[in-house]
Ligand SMILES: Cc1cc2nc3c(=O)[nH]c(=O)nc-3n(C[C@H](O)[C@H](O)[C@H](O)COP(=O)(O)OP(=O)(O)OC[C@H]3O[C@@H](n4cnc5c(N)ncnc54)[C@H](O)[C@@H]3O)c2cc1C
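Next up: just one chain, as structure tokens, the form predicted on its own.
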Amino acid sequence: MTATPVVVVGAGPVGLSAALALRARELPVLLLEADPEDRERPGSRALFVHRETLALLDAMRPGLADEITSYGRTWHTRRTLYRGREVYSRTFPPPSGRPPFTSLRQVDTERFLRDACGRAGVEFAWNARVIGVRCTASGVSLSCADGREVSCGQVIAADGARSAVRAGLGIPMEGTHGEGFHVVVDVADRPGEELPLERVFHYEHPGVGGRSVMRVPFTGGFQVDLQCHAGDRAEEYGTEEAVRGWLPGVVGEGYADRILWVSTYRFLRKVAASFTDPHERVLLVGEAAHLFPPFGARGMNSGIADAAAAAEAVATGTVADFAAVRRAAGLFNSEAAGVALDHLRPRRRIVRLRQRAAAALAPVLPSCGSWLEHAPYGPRHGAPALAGRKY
């Protein structure tokens, strides 16, 4: 039986941030991770690290934000097209200080966080898959698949969408999932022939049969998000072979051998019924606490905000406040994702008509183009530092 004051479960970006935030408060921390130390994580996954998130990370480890932004990419042009015709374009001047966001693969963000945790003195336990949790008024006991038992005063559970800790506590996830699916593709840059450094969103792209598409740069390449139609099948669009067929219609020829990763996702909108146990010994953060679609960049950013708040709650004994505030943030993000889904997959004919009318009027009424640009990402205001934003 190993005893430690605070245990973090899960070494993704949220768990690493939680461990780093605890060390910033000089609290000893043990981080349990189910995977081996030399694991390989496929795909870009969460791309955006927002300015608010960078500020949180810099407070955990001064200089970390500069490390991340020096490696990541920031673009200053956003474009939106409707059926192949541009309806919105705006180029922002480079910021004088910290950029509004930086874009890099999640595996790279994790690399920076893991190095920072090592320098901060976080203790890691790899191949430590948690399979059971027992809470009492005096502490927590965690059971691992390899037979080890870990006891501690508090646990920050960042063990993802299939959280064993949340399941062990019997805390349900509440919410819905949207119809249809999206295909996400990572594509490597062609050296010397890089696409323009801009984020582009297409309503009903004519090159892929009227499916909506977004292209987002990251360091070393770009991500393409294809919104499939209700009747589409994953094997027709969501395999590497299928992607080779439709990708040229989106980005041009020459990228069939540059595909790095292909995945699919659905619009999940779920929030844990509680972010802590009745004894207030376990704090749920990140995808252990809420599930949002990647479209909108709410997941990792709100998860790191969870992690910072959880570390403060552990240090100050304010777990109940943490649970209330962060659950409210989760519900806000869930509602924002629902608004985005209603725009991206409109079930009401009036919404489609509004989009068509806005596209027609955009050349003479710029506000219509601005609405088409911003609406797919849902509300961005109303909960400072809580809701991830899309740039």
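The shown structure was predicted, so the numbers you read here are calculated from the model rather than taken from an experiment. Numbering starts at 1 and follows the sequence shown.
Although not depicted, the form predicted together with the named molecule is the subject of the following passage.
*Asks:* Pick from 34 to 42, 320 to 328, 54 to 62, 334 to 342: which stretch has a heavy atom within 4.5 Å of the named molecule in the predicted bound form?
*Replies:* Stretch 34 to 42 is the one.
*Asks:* Though only this chain appears here, would residue 71 touch the named molecule in the predicted bound form if you measure heavy atom gaps against 4.5 Å?
*Replies:* No, residue 71 stays farther than 4.5 Å from the named molecule in the predicted bound form.
*Asks:* Look up in the predicted bound form whether residue 21 has a non-hydrogen atom within 4.5 angstroms of the named molecule, and give yes or no.
*Replies:* Residue 21: no, not in contact with the named molecule in the predicted bound form.
*Asks:* Residue-level question: is residue 287 within 4.5 Å of the named molecule in the predicted bound form, judged on heavy atoms?
*Replies:* Judged by the heavy-atom cut-off of 4.5 Å, residue 287 is in contact with the named molecule in the predicted bound form.
*Asks:* Contact with the named molecule in the predicted bound form for residue 29, defined as at least one heavy atom pair within 4.5 Å: yes or no?
*Replies:* No, residue 29 is distant from the partner.
*Asks:* Exactly one of 213, 308, 130, 117 has a non-hydrogen atom within 4.5 Å of the named molecule in the predicted bound form; which residue is it?
*Replies:* Going through each option in turn, the one that passes is 130.
*Asks:* Could you check which residue among 150, 184, 81, 268 gets a heavy atom within 4.5 Å of the named molecule in the predicted bound form?
*Replies:* None of the other options qualify; the answer is 184.
*Asks:* What are the residues of 148 to 169, in order along the chain, with a heavy atom within 4.5 Å of the named molecule in the predicted bound form?
*Replies:* Sequence-ordered list: 158, 159, 160, 164.
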